[in-house]
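For reference, the chain that follows is the form predicted on its own, supplied as C-alpha cells.
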Amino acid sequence: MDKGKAVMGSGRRWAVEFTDNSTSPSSRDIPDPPGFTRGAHGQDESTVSKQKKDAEANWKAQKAWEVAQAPFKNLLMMGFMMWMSGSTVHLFSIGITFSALWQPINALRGVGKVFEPYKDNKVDLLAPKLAFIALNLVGLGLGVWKLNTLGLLPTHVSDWVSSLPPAQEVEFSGGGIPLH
C-alpha cells in the first residue's frame, strides 16, 4: 500500500471534519467552550476595548487582594516557628523574633511599591492596602509578644531599678563603746 494514498484517503474513522456544511439544528445545539462568545464577532471596537479594560481592572483588583492577603500566610509560618523556638533566650529564638519584627516593618515601609503595579483609575486599592497594613501590624504584634515572652521587654518594675535613686537612710547605727 502506498503511504501517500493512505494518508490522503478519507477512509479513516478517527478523522475529524472541521468544516460545518450541515444546516441541521443538531450541530448548533453544542454549547460554546468556556471563554468563547458568539456575539463578540459582531461587536464594534469600542465595546471590545471597554470589555478588555473592565477585564483588566477586575484582574488588577483580584491580584491586589491576593497581595493584601499574602502576609496571612507569613503569620501562620512565623507563629509556628516562634512556637517551635521555645520561650528560652538563645540564638535561634532571638533570630526568629528579629525576623518576625523585621519583615512586617519592611513590608509597611514598602506598601506603595507593593501596590504600584495594580494602580488604576477603575481599581480601588484602599481596602487591599488597609488589609495589608492590618495583617502586617498583627505580625509586628506577634513579634513584640514573643519579645515579651522571652523577657526582653522592660515591663516590670525590677527592670528599671538601675534608674531609681538610692533609698534614703532612715537609721544609722555605728560602733559603740565596749562595756567591760
Partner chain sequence: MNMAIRVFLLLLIIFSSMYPTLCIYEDQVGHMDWHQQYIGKVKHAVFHTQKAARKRVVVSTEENVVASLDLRRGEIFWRHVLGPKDVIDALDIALGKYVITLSSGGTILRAWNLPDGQMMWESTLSGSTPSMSLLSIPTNLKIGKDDVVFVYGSGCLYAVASIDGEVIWKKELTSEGVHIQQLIYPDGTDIIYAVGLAGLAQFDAYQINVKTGELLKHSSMVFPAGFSGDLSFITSDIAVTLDSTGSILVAVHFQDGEISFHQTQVSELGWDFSGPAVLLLTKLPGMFALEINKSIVFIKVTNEGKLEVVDKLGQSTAVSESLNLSEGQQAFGLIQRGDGKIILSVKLGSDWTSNLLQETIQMDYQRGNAHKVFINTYVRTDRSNGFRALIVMEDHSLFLLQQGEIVWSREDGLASITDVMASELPVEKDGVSVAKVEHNLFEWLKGHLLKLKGTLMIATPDDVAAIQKLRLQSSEKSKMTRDHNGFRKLLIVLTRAGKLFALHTGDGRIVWSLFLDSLRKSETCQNPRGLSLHQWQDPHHHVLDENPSVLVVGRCDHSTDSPGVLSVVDTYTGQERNHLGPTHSITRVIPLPFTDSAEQRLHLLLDVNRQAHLYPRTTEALDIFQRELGNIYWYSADVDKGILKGHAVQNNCILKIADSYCFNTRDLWSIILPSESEKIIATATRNLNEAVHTQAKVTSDQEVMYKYISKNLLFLATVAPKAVGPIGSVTPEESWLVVYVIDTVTGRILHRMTHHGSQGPVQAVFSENWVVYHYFNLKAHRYEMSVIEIYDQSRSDNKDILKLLLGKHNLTSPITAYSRPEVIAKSQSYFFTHSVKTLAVTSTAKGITSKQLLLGTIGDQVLALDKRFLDPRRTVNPTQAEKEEGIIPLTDSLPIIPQSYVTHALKVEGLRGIATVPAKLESTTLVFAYGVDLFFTRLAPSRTYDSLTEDFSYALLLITIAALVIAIFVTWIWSEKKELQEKWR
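Positions refer to the first chain, counted from 1. If you superpose the two forms and keep the largest set of C-alpha atoms that fall within 1.5 Å, you have the rigid core. On a predicted model such as this, the values are computed, not experimentally measured, just so you know.
Omitted from view is the form predicted together with the partner chain, to which the following refers.
Asks: Within a 4.5 Å heavy atom cut-off, is F92 in contact with the partner chain in the predicted complex?
Replies: Answer yes; at least one heavy atom of F92 falls within 4.5 Å of the partner chain in the predicted complex.
Asks: How about V16: is it within 4.5 Å of the partner chain in the predicted complex, going by heavy atoms?
Replies: Contact with the partner chain, no.
Asks: I'd like to know if Q51 sits close to the partner chain in the predicted complex, meaning any non-hydrogen atom pair within 4.5 angstroms.
Replies: Q51: no, not in contact with the partner chain in the predicted complex.
Asks: Can you work out whether T155 and the partner chain are in contact in the predicted complex, taking contact to mean some heavy atom pair no more than 4.5 Å apart?
Replies: Result yes; T155 sits at the interface with the partner chain in the predicted complex.
Asks: Using a 4.5 Å cut-off on heavy atoms, what residues in 149-180 are near the partner chain in the predicted complex?
Replies: T155, H156, V157, S158, D159, W160, V161, S162, S163, L164, P165, P166, A167, Q168, E169, V170, E171, F172, S173, G174, G175, G176, I177, P178, L179, H180 sit within 4.5 Å of the partner.
Asks: Does W160 move appreciably between the shown form and the other one, meaning a CA displacement of 2 Å or more on the superposed rigid core?
Replies: No, W160 moves less than 2 Å.
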